[in-house]
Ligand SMILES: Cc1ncc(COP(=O)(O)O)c(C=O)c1O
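Just the one chain here, the form predicted alone, laid out as structure tokens.
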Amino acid sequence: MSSLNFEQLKKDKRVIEAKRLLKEALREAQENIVEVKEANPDLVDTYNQLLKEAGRLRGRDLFFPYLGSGLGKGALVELADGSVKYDFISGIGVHYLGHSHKGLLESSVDAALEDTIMQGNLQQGLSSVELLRRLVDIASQGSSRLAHCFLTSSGAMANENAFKAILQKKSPASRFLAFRKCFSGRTLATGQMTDKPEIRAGLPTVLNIDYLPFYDATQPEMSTHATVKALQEHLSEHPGEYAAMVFELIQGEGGYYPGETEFFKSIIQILKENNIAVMIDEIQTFGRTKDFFAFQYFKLEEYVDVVTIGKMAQVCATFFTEDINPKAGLLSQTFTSSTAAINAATVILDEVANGGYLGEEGKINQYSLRFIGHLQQLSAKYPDQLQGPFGVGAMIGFTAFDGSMEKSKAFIFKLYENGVLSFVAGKDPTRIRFLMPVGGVTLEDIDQVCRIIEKVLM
């Protein structure tokens, strides 16, 4: 018998039976969640009052009139007005296993048994050590030099921690390079990095960022030449001043623009010659290609110095090499994250690693091919209404109509009314954006969602 009282608690027959009963109750509650469903008329007035209250309390209305009931089933989610919709944006990439996943229910019960809700700087639990072990093992595969991982509670903070570690190591160099149309977050520093001037209106400059054009798949050689030229011009203008370049290997905010291995290597070679760190922002891409990391997908393992992840992992993290390992005190915070989120992260990593998600024949690639195939057919059938699709893996998008923000927003709200959650991304053109809940979706769900898309296009 274990000498730890907590281990005995987890193995207690009453706890085991309670979890069995909870999963049984969940399964029975999900039996009526099988397809898109309209709102219950008896709940609509109360629901609308709650929406107004939410907008008043937060100072701004919700983007969608969405308030979840607390129950779902895979890609389907029940709202508090009794309606059921397909969630194909998954909280902009957070609900990786879909809604009401039994494995996450069980891991949350285990978390509830623990002595505290949150884990943090002074008091980590055994579950955080297990998560760190798994994350570093995944990140350090192949020729990667990533040896350390610092957990945090948001993607923006993972990027903030990366910036700080890099700036300390590369001091006095303080400038950053990034791609145009990148998105890094909305904090003071990450908002500075994000190539959206409107989100930092009225805020002081805290980082100096210079932008490079991203890869253009229609003109690969020309775009590579243009980016390299722009990089060399920046280096000539600010010699010795650059600490790092931040890479989004697949740009999400712009509308899912993937780069290309040789394009990235052409840039990285120059960065390495100039002692500039290579930082990969994988807040969105982690777990959404045929490999765990997009830097693995693009075969860049040997070059990366710092990598950040978030969203699907529930707990966000900053990975770094021994060279970048910061001095004591630079990275610290009261909260790492909740024990429930830490436990959930381990469940999700196990599911991806052992559930047939990765590789050419894996779920991610097969679901992607199914979705892309349907959208290609719709694009051929309705060339004036749908252009694309674009993206990689579970990150899929297309341009609707003329690609204007006005028509794109009208389209996603019409799609919402018909039972599918999506989002917009980028401008000139604005694209319709999907992040499939890979662990909760089925091929039949994809087929049905594409039928709804066609209905809205017509």
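For clarity, every value in this text was computed on a predicted model and none was experimentally measured. One-based numbering along the sequence shown.
Here the subject shifts to the form predicted together with the named molecule, a form of this protein not shown in this document.
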Candidate stretches 163-171, 203-211, 283-291, 124-132, one within 4.5 Å of the named molecule in the predicted bound form by heavy atom
283-291
Go through 364, 276, 156, 344 and name the one with a heavy atom inside 4.5 Å of the named molecule in the predicted bound form.
156
Check each of 264, 183, 257, 176 and return the one that places a heavy atom within 4.5 angstroms of the named molecule in the predicted bound form.
183
Counting only heavy atoms and a 4.5 Å cut-off, does the named molecule in the predicted bound form sit next to every one of 78, 87 and 101?
no
Even though the named molecule is not shown here, does residue 253 get within 4.5 Å of it in the predicted bound form, heavy atoms only?
yes
Please tell me whether any heavy atom belonging to residue 311 falls inside 4.5 Å of a heavy atom of the named molecule, as the geometry stands in the predicted bound form.
yes
Verify the contact flag for residue 248: yes if a non-hydrogen atom of it lies within 4.5 Å of a non-hydrogen atom of the named molecule in the predicted bound form, no if not.
yes
